[in-house]
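Only one chain is shown below, in structure tokens, and it's the form predicted on its own.
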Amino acid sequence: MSNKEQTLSIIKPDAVERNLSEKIKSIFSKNNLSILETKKLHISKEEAAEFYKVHQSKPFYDKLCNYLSSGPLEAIILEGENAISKNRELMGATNPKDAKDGTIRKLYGISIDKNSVHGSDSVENAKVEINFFFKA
């Protein structure tokens, strides 16, 4: 039985700044995640606040919004078998120190804040997040 899904991945400003986009995208490709569409853009703090509104009540919310809007990022639609869980596995733990060897955050993450990538955590959020960046 096929469980083809789409998910959103964001290559965050710290990784774009360090020219890691191609290295990160090659990890997706090597792991059978197809890149359907990519878009490089610089979002405003207001757009970041809208994107991360699920975290509004958390203490790190403001810092997160400032960071996501601090420079260009690359939004990517990934597709593949169980794409959401596979992408989260490839990213590794939020804190690069806790991430498994070989994961994107272990390889490239600088800190818990500058952890290089974002990935949707559910089918519902993937739809919302893809629409946020790729709505017609």
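The first residue of the sequence shown is number 1, and the count goes up from there. Keep in mind it's a predicted model, so treat the numbers as computed, not measured.
Although not depicted, the form predicted together with ligand CDP is the subject of the following passage.
This chain is displayed without ligand CDP, yet in the model of the complex the stretch 87 to 95 from 24 to 32, 74 to 82, 39 to 47, 87 to 95 comes within 4.5 Å of it by heavy atoms.
In the model of the complex, none of the heavy atoms of E17 sits within 4.5 Å of a heavy atom of ligand CDP. For the chain shown alone, K100 is not a contact residue for ligand CDP in the model of the complex, no non-hydrogen atom being within 4.5 angstroms. H55 belongs to the set of residues with a heavy atom inside 4.5 Å of ligand CDP in the model of the complex. Taking the partner from the other structure, ligand CDP in the model of the complex has no heavy atom within 4.5 Å of any heavy atom of V123.
If you check ligand CDP in the model of the complex, you find a heavy atom from every one of L64, I112 and N115 within 4.5 Å.
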